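Just the one chain here, the form predicted on its own, laid out as structure tokens.
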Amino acid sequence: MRTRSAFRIMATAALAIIILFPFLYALLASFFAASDFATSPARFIPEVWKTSNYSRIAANRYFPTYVVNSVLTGLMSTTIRMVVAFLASYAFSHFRFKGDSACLAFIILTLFIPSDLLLSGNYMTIQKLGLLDTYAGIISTSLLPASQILMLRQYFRSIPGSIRDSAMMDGCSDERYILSILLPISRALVSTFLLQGFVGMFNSYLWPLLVTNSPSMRTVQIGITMLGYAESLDYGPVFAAIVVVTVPFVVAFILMRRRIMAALSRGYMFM
């Protein structure tokens, strides 16, 4: 038993090191001078700790705009996705209507279509609609959360129907039932989906790159590659920008870890 416990501890420690190493290196590299990146062998600890990398990205005229664009698109996309997922899953789990099986099958089918396969068609559609260089164009392809609809549907079906029946007998409407009963008991799952959706949209790169042309509409993931410092092998500000956009998510995960673990303990994994 002791040998097995020791092995588990060693395996967990090794996995933690593998996962945390990129984040730790990015944090340390954000304090590197330009010469630290050209040393051989590669340096892990900066010779001289330079905080100027952070002031340099703060002084960049477009970097705050990149962050604001990512936050706005993330909030808009996440909010719309969650409303669509919640209402659609409520309809699929509580009502029977003509074509409900076909609609659900279509939603499941979208999970098997590679997103890269639709890039060309989606781009031409957005172009014809005149939505290039707009927030609507950036979030347009992320508004149907098929996996969240399916998982919420399964969760709603696990809730005893007698709860809704009792509420309806007391004169409760569907809107009030959703807001007063269903949403509070689903808060762990909803919170997890909100964080997952925001992180996914915030970190998206290819689609925002295609549908935005002006620097004022670029998102932060694109903006980091366009800071220009890497062209002179001065990667310090780039790593500083990576740390700046990563830290809020680490803090959010720490604050929401209990709800995330509660959602995972019920068998609902990220998709």
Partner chain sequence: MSKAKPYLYILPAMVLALVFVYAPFFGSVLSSFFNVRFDGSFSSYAGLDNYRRALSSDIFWQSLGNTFRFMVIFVPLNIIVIMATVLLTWRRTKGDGVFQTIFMLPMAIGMSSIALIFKYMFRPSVGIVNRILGIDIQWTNDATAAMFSVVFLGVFLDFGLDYLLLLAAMRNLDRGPQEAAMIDGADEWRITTHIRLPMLSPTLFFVLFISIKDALLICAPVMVMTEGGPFRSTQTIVYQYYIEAFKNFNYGSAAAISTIVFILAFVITMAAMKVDRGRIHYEN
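C-alpha atoms forming the largest set that superposes within 1.5 Å between two forms make up the rigid core. In this text, all values refer to a predicted model and were calculated from it rather than measured experimentally. Numbering follows the first chain given and starts at 1.
Only in words, not in the display: the form predicted together with its partner chain, which the text now covers.
Of the candidate stretches 182-190, 70-78, 195-203, 155-163, only 195-203 has residues whose heavy atoms lie within 4.5 Å of its partner chain in the predicted bound form.
Within 4.5 Å of its partner chain in the predicted bound form, a heavy atom is found for none of Met82, Leu132 and Ile138. Within this chain, Ala33 is remote from the site of its partner chain in the predicted bound form, having no heavy atom within 4.5 Å. In the predicted bound form, Ala59 stays away from its partner chain, with no heavy atom inside 4.5 Å.
For the chain shown alone, Phe63 is not a contact residue for its partner chain in the predicted bound form, no non-hydrogen atom being within 4.5 angstroms. Under a 4.5 angstroms non-hydrogen atom cutoff, its partner chain in the predicted bound form lacks Val48 among its neighbouring residues. Interface residues of 112-127, taken as those with a heavy atom within 4.5 Å of its partner chain in the predicted bound form (partner not displayed): Phe112, Ile113, Pro114, Asp116, Leu117, Leu118, Leu119, Ser120, Gly121, Asn122, Tyr123, Met124, Thr125, Ile126, in sequence order. Once the cores line up, the CA of Ala42 ends up 2 angstroms or more apart between the shown form and the other one.
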